[in-house]
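Below sits a lone chain in structure tokens, taken as the form predicted alone.
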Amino acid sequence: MDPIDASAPFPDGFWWGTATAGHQIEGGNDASNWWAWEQLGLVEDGSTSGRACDYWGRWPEDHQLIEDLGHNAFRLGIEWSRIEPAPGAFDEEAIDIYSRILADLQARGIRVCLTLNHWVLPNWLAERGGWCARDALTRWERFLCRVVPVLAPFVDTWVTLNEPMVPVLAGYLAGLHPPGRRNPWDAAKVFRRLLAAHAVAYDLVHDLVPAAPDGGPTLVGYAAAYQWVEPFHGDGWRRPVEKVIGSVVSHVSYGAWDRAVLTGRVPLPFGRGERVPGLRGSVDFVGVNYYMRVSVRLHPAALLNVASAEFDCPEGIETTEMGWQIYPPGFRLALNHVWETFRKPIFVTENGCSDSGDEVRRRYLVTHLAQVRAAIADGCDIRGYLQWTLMDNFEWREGFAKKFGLVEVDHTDPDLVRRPRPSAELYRRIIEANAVTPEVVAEFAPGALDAWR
């Protein structure tokens, strides 16, 4: 690949912003399966989501903060359990609040990327089997029919599902997320159901929303987690074996899902080529969530770097507080892979770093944005970058212990004061210049690009 010109400007009209999820920031999502899961003491730091960041009660303040930080886009989600807390009982007040939230963003000139499902389900559906329930798709379609027409005037892009492989693998295979199952047959069934849920949402949004608010085409996609997967060893007899194992890891992590959407059929090991109605080609853009490289190491006891908190890292590679490898070139490689696979527009729907001290985050932000710019130069049609995340929030199984926010929030503080970190100012300056300029790198992350040019 060509050398990186990190200071080259991004395209005109580029989306700059952050990504969030409803359950992680809103607070009080007590009719959900994740809320019920948290009460069992299964969150690693012993916390529960509770009031989270109280975005539900403080969204005008947070929108002003977004505007002050120079963002022109915001990814957020709606919570099915908040809108339909009991079967067939829609909360009109909740729908109205979501409408006002989105309308306020639009009035401020902030484009909206809306996620329809970010893993969380109403607890009443979870108790009936979640996505395995016989009527899950019917209930999902009914929910979408109720909310999509109301919210459509304010939504610029639609994400049907966030990281659909996480509920499959973490929820039904590894047992780390709700419902805590370890059943490969159920995992395969949920994979197929989520493919169908995406196809239903894709068709329904297109049927109900003839155009985007600016008059352009309705854009519907999904956000998938892409890692750059490589053998741990650079040479020797282990490398070819690790390469084969790595291809399996890639296929299970994201490749099988992408192949299913491209072909309309369910691949092994999740199916035997069954056709999913409406699935083939059901993507107008691809949302790329990239955080890390995965180095697959042949090990006598286990495949390190696959299970949570057991990531094996080559010598000299920095890690985040999640234990994830910081490998910026993998971002460029992943973006090129997605572009070559789909030839569809790409939005970076998540990319970020857990770092309570903020110094690592600044290097991470600069180096990864340089890779995005390089991927654009390679020919990838990348429309925007949404950093994970706006403010420290409830990070699922890790609770509040992991800090991904550009804005610091101490969740033991009764006032939940928002305190922008230096990385928030760094990002504001990049947005203002529409480029990663040498001046901003020298001020906020000196030398960060030197190792990755």
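Residue numbers here begin at 1 and follow the sequence given. The model shown is predicted, which means the values in this text are computed figures rather than measured ones.
This next part talks about the form predicted together with a small molecule, which is not shown.
- Candidate site formed by 18, 355 and 403: none of these residues places a non-hydrogen atom within 4.5 angstroms of the small molecule in the predicted bound form.
- Proximity of residue 388 to the small molecule in the predicted bound form falls within the 4.5 Å heavy atom cutoff.
- Remark: residue 325 does not count among the residues lining the small molecule in the predicted bound form, judged by a heavy atom distance of 4.5 Å or less.
- Remark: residue 163 counts among the residues lining the small molecule in the predicted bound form, judged by a heavy atom distance of 4.5 Å or less.
- The small molecule is not shown here, but in the predicted bound form it comes within 4.5 Å of a heavy atom of residue 350.
- Proximity to the small molecule in the predicted bound form, defined as a heavy atom within 4.5 Å, singles out one entry of 154, 119, 202, 342, which is 119.
- This chain appears without its partner; in the predicted bound form, the one residue of 396, 55, 37, 427 with a heavy atom within 4.5 Å of the small molecule is 396.
- Of the stretches 92-100, 286-294, 245-253, 212-220, only 286-294 has residues with a heavy atom within 4.5 Å of the small molecule in the predicted bound form.
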